[in-house]
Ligand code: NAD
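Just one chain is shown here, as structure tokens, and it is the form predicted alone.
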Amino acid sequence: MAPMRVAPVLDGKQMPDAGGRCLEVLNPATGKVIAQQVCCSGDDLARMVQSSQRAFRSAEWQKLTPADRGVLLFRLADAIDAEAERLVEMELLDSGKPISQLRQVELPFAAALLRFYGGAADKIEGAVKNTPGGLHITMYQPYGVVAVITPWNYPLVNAVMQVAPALAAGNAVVVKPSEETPLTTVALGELAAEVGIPAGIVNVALGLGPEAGRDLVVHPQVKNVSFTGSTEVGQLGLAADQMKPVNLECGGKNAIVVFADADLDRAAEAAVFSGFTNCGQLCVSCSRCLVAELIADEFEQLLLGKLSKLKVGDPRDEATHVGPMITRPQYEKALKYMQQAPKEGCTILAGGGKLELPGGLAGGFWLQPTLLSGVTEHMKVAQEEIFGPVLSIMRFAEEADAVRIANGVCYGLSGSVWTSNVERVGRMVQALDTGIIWVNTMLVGYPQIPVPPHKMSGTGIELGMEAVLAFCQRKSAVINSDQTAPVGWDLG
């Protein structure tokens, strides 16, 4: 089958005449080219932002009530449901994710996000303060044109996670997906127009981050930026010169903490699921497994038993649990960490290198799910984000040691605690410096639960009603009701 061709989406339609370079899109399961994407030139980006600015200011958009915007988001959710199999096929080709993961989790979650924010659109509330001599009103208003830059690990979900609250708040959006995985975001831009969202309200820019992403962020008509990706890129601060608010969701080096009184079988299941879902390419996954010394040997055996049942392979097989690494650079980076791990002094209990698969999968970006034992807190594998299928097992003696080790990284995105001690639950939830903590569960997420990153994991917030407010600018008004009060020096 010849590679498909995808282009930026302007006013609801692809732009095959865009003036930027062409880039190949690879299927990570096979290493073969599945698409040629036409990228934006600088002029294309400017046209796109101007289109969104016109659309935002148009009577068609401005006359819509918040409830009307909500209806449009509900329609987009229905369209995703109706087009689910087509979107699954695109995402499968683009990212190599197991088809069961796409059908059962990611497509339903994308639709659920749209429905949640559709319902949230008319629930943005300000406040009235009782101040002397008048009323003090605080309100929330849309910024106008916002830029959304998404990564390659969850292409459709990440796009919807930002676009939905931005539209609920009343903004226009220019979204730039990763050049590695553009297919479903292009489809999202087209679907938005098909369900009646005005042309230009959702535009999709394609291109490299240092080019198209940078041009988008620094454009003066872009008033708000949401970026999901690496901490290194988030630190660049490209929007700082123009004082633009920036919502950053970046890296994580998260810990699952298992105490001796936990349900060890369930905790081991959670650790394997967290460490290897999406081949470890999930920012909120727990890649460090902190285990009480008293039960560490037993727990390692439980992990090995769970790991032996994982099926890694063909994404089209409903029984597959783990697919390939999504990009070649990330594949090479994770492989390098695997190869360096024994040199740091830890032990490879399972995996530790490339995974050789037969037939059409032989050219894919396959790695073995890897368990590392004897990891100490100052090793690179314990401190640096690998973003691959590597679970590092670390031992602790006391609760205070677990807290110190868990907090002893520069990130603070998520964490998980496993214990039957209710008092310890309260202490650990307070002590762990992360934005979300799961207790006796793992990776449970709902649209209404906010995830606010701590430390070098980012700024701002994702999900929840709080995400809508992140796309709103605050305004106060003081309305005088005392005509006898002086307004200055009372000059007469």
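This one's a predicted model, so the numbers in the text were calculated from it and none came from an experiment. We number the residues from 1 along the sequence you see.
Below, we turn to the form predicted in complex with the ligand, even though it does not appear here.
Candidate spot 11, 186 and 189, all three touching the ligand in the model of the complex (heavy atom, 4.5 Å) = So, no: the whole triplet misses the ligand.
Spot the stretch among 402 to 410, 220 to 228, 304 to 312, 258 to 266 with residues whose non-hydrogen atoms come within 4.5 Å of the ligand in the model of the complex.
-> Checking each option against the 4.5 Å cut-off leaves 220 to 228.
Would you please decide whether residue 177 lies within 4.5 angstroms of the ligand in the model of the complex, comparing each non-hydrogen atom pair?
-> Within the cut-off, so yes.
Indicate whether residue 249 is a 4.5 Å heavy atom neighbour of the ligand in the model of the complex.
-> Taking the distances in the model of the complex, the answer for residue 249 is yes, it comes within 4.5 Å of the ligand.
Is residue 418 close enough to the ligand in the model of the complex to count, meaning some heavy atom within 4.5 Å?
-> Flag for residue 418 set to no.
Heavy atom of residue 117 within 4.5 Å of the ligand in the model of the complex | No, residue 117 sits far enough from the ligand in the model of the complex that none of its heavy atoms falls within 4.5 Å.
Let me know the one among 414, 370, 153, 287 whose heavy atoms come within 4.5 Å of the ligand in the model of the complex, would you?
-> Exactly one listed residue reaches within 4.5 Å, namely 153.
Which one of 103, 214, 316, 136 is close to the ligand in the model of the complex, taking close to mean a heavy atom within 4.5 Å?
-> That would be 214.
Within 4.5 Å of the ligand in the model of the complex, which residues of 268 to 289 have a heavy atom? Give them in sequence order, or say none.
-> Contacts from 268 to 289: just 283.
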